[in-house]
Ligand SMILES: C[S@@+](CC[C@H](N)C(=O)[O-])C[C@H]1O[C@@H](n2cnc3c(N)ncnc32)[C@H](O)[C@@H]1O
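The data below hold one chain only, encoded as structure tokens and taken in the form predicted alone.
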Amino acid sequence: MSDQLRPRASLRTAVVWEVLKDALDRRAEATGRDSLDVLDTGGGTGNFAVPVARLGHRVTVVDPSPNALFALERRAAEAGVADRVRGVQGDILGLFEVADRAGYDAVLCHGVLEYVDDPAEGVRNAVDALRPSGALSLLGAGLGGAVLARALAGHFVEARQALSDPAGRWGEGDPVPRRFTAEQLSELVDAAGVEVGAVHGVRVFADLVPGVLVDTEPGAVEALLALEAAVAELPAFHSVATQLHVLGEKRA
């Protein structure tokens, strides 16, 4: 069973994984190659890189953390894909010091833009790493999900602060430096030369449902997964998603 199919992990990654897998399949069919070159920026310990490698693709993971890259190496070895996963230390703003420009069929940029000083530059670098018509998978923290979570926790002042703050932060103790709306992420991607194919709301309900319910109620995980998949592409739910996923194709 892949990491993405473990019950609890799948609540956070299933929507993105299914969309990404389909995009890779389409790209492989379009290029006539079974094995694609994939770049995972900020890929850390390989939550997506290892399953992608299991599909037969070659994955380069760029991450600033040596510890994460060490864990990635061990994880890839345990999964039997060490020959298809390469980890290098670096970050997206210095991407071409460690990665090839226009060298990849797909680029993953998951959970990265929240932490960089210049998100627009980060997106441009991700796109510049793509070959023409390559696929971009972008995942960022959603503003609406944070506002909803603070309000439901009874922190109404913090919820309002997140709503009005330019970076979407609810206060000094907020561990996330920046959050986005679906429109902001789509605009960043479009400006960098990518045609937006789809926008998905991720973890619309998963972070709000009590864990004890998911763990103890028979069939709850499967039902919640089905609900998350059903609302992922509905714009009405993008405004309350914890994360937002944008999938696009680089303009030729």
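Small disclaimer: the values here were computed from a predicted structure and weren't measured. When you see a residue number, it is the position in the sequence shown, counting from 1.
Quick note: we don't show the form predicted in complex with this ligand, though the next part is all about it.
Under a 4.5 angstroms non-hydrogen atom cutoff, this ligand in the predicted bound form lacks residue 201 among its neighbouring residues. Of the heavy atoms in residue 135, none are within 4.5 Å of this ligand in the predicted bound form. Using a 4.5 Å cutoff between non-hydrogen atoms, residue 91 counts as a contact of this ligand in the predicted bound form. Of the heavy atoms in residue 112, some are within 4.5 Å of this ligand in the predicted bound form. Scanning 35, 65, 186, 31 against this ligand in the predicted bound form with a 4.5 Å heavy atom cut-off leaves one residue, 65. Put simply, of 116, 76, 148, 141 only one has a heavy atom within 4.5 Å of this ligand in the predicted bound form, and it is 116. Heavy atoms within 4.5 Å of this ligand in the predicted bound form are found in exactly one of 214-222, 201-209, 36-44, 23-31, that being 36-44.
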